[in-house]
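A single chain comes next, written as structure tokens; it is the form predicted alone.
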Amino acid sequence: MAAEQGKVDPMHQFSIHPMFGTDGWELAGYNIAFTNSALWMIIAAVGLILFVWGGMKRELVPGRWQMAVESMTGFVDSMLAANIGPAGKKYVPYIFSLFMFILFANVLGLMPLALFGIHPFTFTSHFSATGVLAIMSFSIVLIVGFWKHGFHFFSLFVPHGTPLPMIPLIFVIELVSFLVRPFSLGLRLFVAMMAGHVLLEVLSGFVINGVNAGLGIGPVVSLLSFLLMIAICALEILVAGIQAYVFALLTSLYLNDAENLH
């Protein structure tokens, strides 16, 4: 939060800053500074590794941690089985990692760590991060599609039963729709996370300005804004899980197209 004389800049929280004196690092003319975004990506990745490591004990009577990991892997496995079929089993590690990485990133960005002097950064609120995840998933879809079907993969863009005169037009429409998928996949997550954080920051500005206004309606506005912030935080936790699920679900649906040409 950037507060100056009672003013709050809702976009300041999305600023990317070099850390640990790396702002001058360059490679082939490109700045490769270690930023707060990279730091929280590493934290999310380490959190995911520790989460999986804690559930690999394979105890006959699983503890809560092992049960949590097994429940999440079972959830992803069921989703892939429903959307792809038996061929979806081989994608469980990737979809599980993708789902949990996004979930960890979203939830970590909502943690009230500022109370301890730590300012969390939600890197999924940047299209540069969500776009890379989307392109990575889309690349796997293309690789699987052409590896398994060759040029027959292009039949995906001509639905079965399409009249012959309509094939060129339908092919172009379906191809454009297909190529837009990585953009929409990354944009959906980016917009959802950014909008929630902006709203929370705006409400925090109402709280600060209401308190600074002194007696009168100011404290009432502050109290109502604070209560609304609590409700929005609860909603954002739900959104964090839903957006991670939607990203994984759409990726599995796209993989289904590559596997089965539906």
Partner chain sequence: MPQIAQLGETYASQIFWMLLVFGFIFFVVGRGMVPKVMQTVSMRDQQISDDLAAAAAARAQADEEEEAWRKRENANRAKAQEIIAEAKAAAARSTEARLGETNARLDSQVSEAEGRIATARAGALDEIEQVATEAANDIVERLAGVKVDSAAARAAVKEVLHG
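Residue numbers count along the first chain shown, from 1. Just so it is clear, the structure is predicted and the values come from calculations on it, not from any experiment.
Just so you know, the form predicted in complex with its partner chain exists too; it's not on screen, but the next bit is about it.
*Hey, in the predicted complex, does Ser225 get a heavy atom within 4.5 angstroms of its partner chain?*
Ser225: no, not in contact with its partner chain in the predicted complex.
*So in the predicted complex, does Asn83 come within 4.5 Å of its partner chain, heavy atom to heavy atom?*
Judged by the heavy-atom cut-off of 4.5 Å, Asn83 is well away from its partner chain in the predicted complex.
*Is Leu48 close enough to touch its partner chain in the predicted complex, meaning at least one heavy atom pair within 4.5 Å?*
Yes.
*Would Ser97 count as a contact of its partner chain in the predicted complex, using a 4.5 angstroms cut-off between non-hydrogen atoms?*
Residue-level check for Ser97: yes, a contact with its partner chain.
*asked:* Taking 4.5 angstroms as the heavy atom distance cut-off, pick the stretch from 142-150, 169-177, 125-133, 156-164 that is near its partner chain in the predicted complex.
replied: That would be stretch 125-133.
*Here the chain is shown alone; which of Ala33, Cys233, Leu199, Val221 has a heavy atom within 4.5 Å of its partner chain in the predicted complex?*
Spelling it out, the residue with a heavy atom inside the cut-off is Ala33.
*Would its partner chain in the predicted complex be within 4.5 angstroms of a non-hydrogen atom of every residue among Glu70, Lys89 and Phe101?*
Answer is yes for this spot.
_in the predicted complex: members of 40-59 within 4.5 Å of its partner chain, any heavy atom_ = In sequence order, Met41, Ile42, Ala45, Leu48, Ile49, Val52, Trp53, Gly55, Met56, Arg58, Glu59 come within 4.5 Å of the partner.
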